[in-house]
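Only one chain is included here, represented as C-alpha cells and corresponding to the form predicted on its own.
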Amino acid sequence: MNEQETGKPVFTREVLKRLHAPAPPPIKDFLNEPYPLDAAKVDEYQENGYVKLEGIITGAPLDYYRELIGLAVGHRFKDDERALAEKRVYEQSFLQAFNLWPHYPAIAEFVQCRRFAEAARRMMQVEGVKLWFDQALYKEPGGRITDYHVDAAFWPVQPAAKTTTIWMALVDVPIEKGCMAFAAGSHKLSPDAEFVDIFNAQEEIAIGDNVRHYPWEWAPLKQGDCTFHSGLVYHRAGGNNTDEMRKAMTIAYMTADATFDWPESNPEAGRRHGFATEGLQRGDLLESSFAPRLLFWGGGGDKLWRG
C-alpha cells in the first residue's frame, strides 16, 4: 500500500535514513549563527514573561526542518488511527510528540543548536544552559483549545524562574489556527508554580481568579517566528478553526545549575520525567545524559557542549 492509497507517508528505509542523517553544511552553519537579539527584547521578556521574535529560523533551514520534524511526528503517530473525536479531551488539543531528539539524530542537531540555546541563555540571564526536552505540538484541524496552565508546575526543576521554552511556528499560525496567548506579567505572581491539571480536563478549564486580571495577549506568528516564555508565565492556545494542521516545534531549557525539585502544588512532578531524573534525590543537581549541557558563557568566551 502506498502513500496515495493511505493518505499517510510510507516510512521506507530511505525516509528513516533522513531522520538519522546530518544536516548539510549550510544548514549547520545557520544553526551556529547567533540570532541578532536586541537587548530591548530581553528586557521585554523579563517584564512580561514572554517575548515574540521574528525569523528565528528562515529560508532553506526552515524548509529543511519543517519537513524533517513533520516526518518524525508522522513516524511517532503512524499507528494511531483514531479520529479526533475518539481521543480523550487532552489529546484533542494537539499531537504531542515528546523528546524527538534522542530517537532522531537529525532532529537532535536542531534541538541542541547554538542559535536557540544562546537566545535562551540571554532570556534567562544565566551563564549556562541545559536542554530539558523538546516536543513538537501539532494541532489538528478542528483541534480544541489548549487550556491555560503554567509549565513549571509540571516540571521537577528549580529555580522555575530560570526555565524557558521556545515555541517556533513552522507554518503561519494566526489566531484562528491556534496561536499562543500569554498572561503578561503573571510570571511575577509567585516563584512557586501553581499546578493546573490540564491532563484530565473534561471541558475548558476556567481561568483562575489569580490570573484573570492579567492582560492576556495573543501572539500570532508567521512561519519561522517564535516566542520565548518563562516557565512561570501562564499561557494557553486557541483552537484550530482551519482545515490545515498547525505545526509548531518547542524546546524547553533550564539553567545549567538547576536542581531536581518540584513545586509544592504538584508533588507528582517529582515522579515524572524519569528519563532525565532517574536516581536523583530532591535537591540534587539535575545532571543527566538526557539533559545535556548546551552552552556555557564564561572565561572570556562561549563554548558549545554536547553530551
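So that there is no doubt, residue numbering starts at 1 and follows the sequence shown. Every value quoted in this text rests on a predicted model; they were computed, and no experiment measured them.
We do not show the form predicted together with a small molecule, though everything after this point is about it.
Enquirer: Using 4.5 Å between non-hydrogen atoms, is Lys162 touching the small molecule in the model of the complex?
Expert: Lys162: no, not in contact with the small molecule in the model of the complex.
Enquirer: So, in the model of the complex, is His229 in contact with the small molecule at a 4.5 angstroms heavy atom limit?
Expert: Contact check for His229: yes, within 4.5 Å of the small molecule in the model of the complex.
Enquirer: So in the model of the complex, does Trp216 come within 4.5 Å of the small molecule, heavy atom to heavy atom?
Expert: Looking in the model of the complex, residue contacts with the small molecule do not include Trp216, since no heavy atom lies within 4.5 Å.
Enquirer: Under a 4.5 Å heavy atom criterion, is Phe110 part of the interface with the small molecule in the model of the complex?
Expert: No.
Enquirer: Please pick out the stretch from 131-139, 188-196, 118-126, 80-88 that is in contact with the small molecule in the model of the complex, where contact means heavy atoms within 4.5 Å.
Expert: Stretch with heavy atoms near the partner: 131-139.
Enquirer: Please pick, from Leu100, Ala183, Val157, Met180, the one residue with any non-hydrogen atom lying within 4.5 angstroms of the small molecule in the model of the complex.
Expert: Only one option qualifies, and that one is Met180.
Enquirer: What is the one choice in Asn48, Thr250, Asn266, Thr259 with a heavy atom within 4.5 Å of the small molecule in the model of the complex?
Expert: Selected residue: Thr250.
Enquirer: Within 4.5 Å of the small molecule in the model of the complex, do we find a heavy atom from each of Phe11, Arg66 and Tyr104?
Expert: The answer is no; none of Phe11, Arg66 and Tyr104 reaches the small molecule.
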